[in-house]
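Take a look at this single chain in structure tokens; it is the form predicted on its own.
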């Protein structure tokens, strides 16, 4: 299927690993020129890709990253915002997570999204074109107790994306959100680490055991979702095939939300 993405310029935040990296790779495969923005960057593998170190909570580094991107690749058409963190704690109940652990999560996951929106929206409005795709989580749709700060931040992402979609639609700029289910990423593994540290020795599970049990109980399709599964949806939403899709929250979760 032709997606009409050839020669578009895309920025992927959090593109150094996990779903962000998979998305950057797919955008490159579709013919985009891609800038990967991350705290940890590596040498780009293709001439049409650049890597820029920046912090989504620091507007100065974001402005520098945008200048570098525009200088090397041109005006940005597509923004995929995947940068996010967890608290490093395990809930059940929320009192296990100290209030001070919330601040950094909300700063990165909520204010990081706000910073990205403020950075790119004015340029898109001037050109009357562009699209945003934000990575949220099913945790933000069902009050997951696993990591309450993370869940709350993902709910905020979904809500703010809808606000953006309404504001920007008159100028033809689209905004959508994708919510993964269970994906093997460093963030997912960090949830297991926080859980296992709280368990008596006899109740501990390996990451694979823990994940298998969780998938069996909450994912109707009974399998992992992959980074590529989620990336494929993000890329599709940024394409001409989805020109009438905005303000939507799409789940790539093996039916998890349906289960709940």
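Positions refer to the first chain, counted from 1. In this text the structure is predicted, and so the values were computed from the model without any measurement.
The same protein has a further form, the form predicted together with a small molecule, not shown here; the description that follows concerns it.
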{"query": "In the predicted complex, the residue from 122, 186, 74, 170 that sits within 4.5 Å of the small molecule by heavy atoms", "finding": "186"}
{"query": "Exercise: residue 24 in contact with the small molecule in the predicted complex, heavy atom 4.5 Å", "finding": "no"}
{"query": "Proximity of residue 127 to the small molecule in the predicted complex, heavy atoms at 4.5 Å", "finding": "no"}
{"query": "Touches the small molecule in the predicted complex: residue 106 (any heavy atom, 4.5 Å)", "finding": "no"}
{"query": "Any non-hydrogen atom of residue 238 within 4.5 angstroms of the small molecule in the predicted complex", "finding": "no"}
{"query": "Per-stretch contact check against the small molecule in the predicted complex, the hit in 79-87, 161-169, 95-103, 141-149 (non-hydrogen atom, 4.5 angstroms)", "finding": "79-87"}
